[in-house]
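Below you will find one chain, with nothing else, as C-alpha cells; this is the form predicted alone, and questions on how it binds or moves follow later.
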C-alpha cells in the first residue's frame, strides 16, 4: 500500500535504505549456521566467522576466546552500523532510529537498578549494559531508593522521561516493583512508538503496525505466564498490557484471568496467527514458547524487506541482527560447555 511516498522517499531515505539492504545481505545464512554448529572449539567459531562480516571485529582477539568476547565484538558491529545510519539520517528517520534504542535503555535502567539492589558493583553492571541503550547519567542510577527519586535525579533528562509518568510511586524498589516498572515502561514505549509510526503513515505505518502489534501481543503472553502464581492481581496484570495489537481488547480480558499455561493456550488459539505458535507446544509446556515466538518474529521481519519506500526495514534489520547475535551466543555457549547435542535447541534460522 503506497501513498505518495514512492515519489519523494528517495530524496532523503533512498541512500540509507540501500545501505540497510546491503547490511541485510551480510546476515548469516542457514549454511553458515550449519557450519558453526559443527565447530568443536570457540577458535573454530572465530575461524568460520572470519570469512563473514564479523571477521574484522574478531581478527585481533587472542586465544583462548570467551563467549562474552564473541558476543561483545558482534554487538560492536551492530552498534557501528547503527551509528553510521543515525549520522546520515534526517528527520523523521533519525527520530525513528532513536526510538529503536529506547527498549535497550529500559533494559539498562532495570539492570542497573536490580544490580544495585543486590549490592553489585556499578562498574561491573555498566559493562553488562547494551551499548545502544547507554546515556550520560546512567551510572548515577545507583543512588535512587525509589521510583520518584529515580525519575527526579536521573531519568528526567532522558528520552524515557515521558514513559515514567505512569510508574512514579514512593514505594521502595524491590524485585517485584522493578519488574512492574520494566513492563509499565515498555507498555508506554510501545504505545508511543506505535503512535509515531501511525503519524508517519503510508507503508511505514502499515508494516510497523504489524511488527509492533506482534511485539505487544508477545509481551502480553509473557507477562501472563510469568505472573501466574505471583501476588500480581488480575487488574494489575491487565494494566501492563499495551492498548493495541491483535489481542486488544478481548484477548487481554481473557489473558488477565488465566491461572495456568493451558488457559493461556486456550485463549490464544482463538487467534489464527498465534494458533500455529501454540500448536508447537505440548500441553503444560512453556519452555519452547520463546523460540516459537522468535521464529514467527523473524518470518515477519524478513517480510518487511519485500516492500520498498518505508522505514520498517531499519527496525527489521536491527531486530534480525540482534537475533543473529543471540544465535551466536547460544552456539558459543554450547561449544564452550561441551553441550553440542543441545546446539539446535535455541538457534532460529533467519534465511
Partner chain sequence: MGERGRGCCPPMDLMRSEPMQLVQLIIPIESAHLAVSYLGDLGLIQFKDLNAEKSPFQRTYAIQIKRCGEMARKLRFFRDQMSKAGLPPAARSVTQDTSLDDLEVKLGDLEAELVEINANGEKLQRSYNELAEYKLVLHKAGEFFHSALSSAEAHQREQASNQTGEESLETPLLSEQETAIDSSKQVRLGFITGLVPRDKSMAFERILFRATRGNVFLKQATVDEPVIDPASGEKVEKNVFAVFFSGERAKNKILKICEAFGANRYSFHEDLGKQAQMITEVSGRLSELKTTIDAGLVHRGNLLQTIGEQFEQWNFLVRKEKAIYHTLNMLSIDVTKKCLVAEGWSPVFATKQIQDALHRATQDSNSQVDAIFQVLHTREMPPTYFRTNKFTSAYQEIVDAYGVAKYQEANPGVFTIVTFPFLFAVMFGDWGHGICLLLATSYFIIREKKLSSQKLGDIMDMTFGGRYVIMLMSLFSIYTGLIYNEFFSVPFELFAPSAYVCRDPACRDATTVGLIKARDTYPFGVDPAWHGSRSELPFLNSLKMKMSILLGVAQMNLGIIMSYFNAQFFKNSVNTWFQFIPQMIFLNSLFGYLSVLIIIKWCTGSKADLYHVMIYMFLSPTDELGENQLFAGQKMTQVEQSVDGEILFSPYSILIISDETLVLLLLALVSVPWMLLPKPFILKMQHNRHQGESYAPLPDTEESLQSGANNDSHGHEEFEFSEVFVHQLIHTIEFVLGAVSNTASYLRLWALSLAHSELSTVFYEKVLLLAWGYNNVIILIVGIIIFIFATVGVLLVMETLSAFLHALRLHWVEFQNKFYEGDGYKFYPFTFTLLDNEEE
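In this text, all values refer to a predicted model and were calculated from it rather than measured experimentally. Numbering follows the first chain given and starts at 1.
As for the form predicted together with its partner chain, it is not shown, yet the points below apply to it.
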4.5 angstroms heavy atom contact with its partner chain in the predicted complex for residue 39: yes
Contact label in the predicted complex: residue 53 to its partner chain, heavy atom within 4.5 Å: no
Touches its partner chain in the predicted complex: residue 98 (any heavy atom, 4.5 Å): no
Residue contact check: residue 76 to its partner chain in the predicted complex, 4.5 Å heavy atom: no
In the predicted complex, the one of 134, 71, 153, 225 near its partner chain [non-hydrogen atom within 4.5 angstroms]: 153
Listed residue that, although its partner chain is not shown, lies within 4.5 Å of it in the predicted complex (heavy atoms), from 262, 80, 121, 192: 121
Option from 291 to 299, 321 to 329, 304 to 312, 44 to 52 whose residues, in the predicted complex, bring a heavy atom within 4.5 Å of its partner chain: 44 to 52
Triple contact flag 63, 143 and 149 to its partner chain in the predicted complex, non-hydrogen atom at 4.5 angstroms: yes
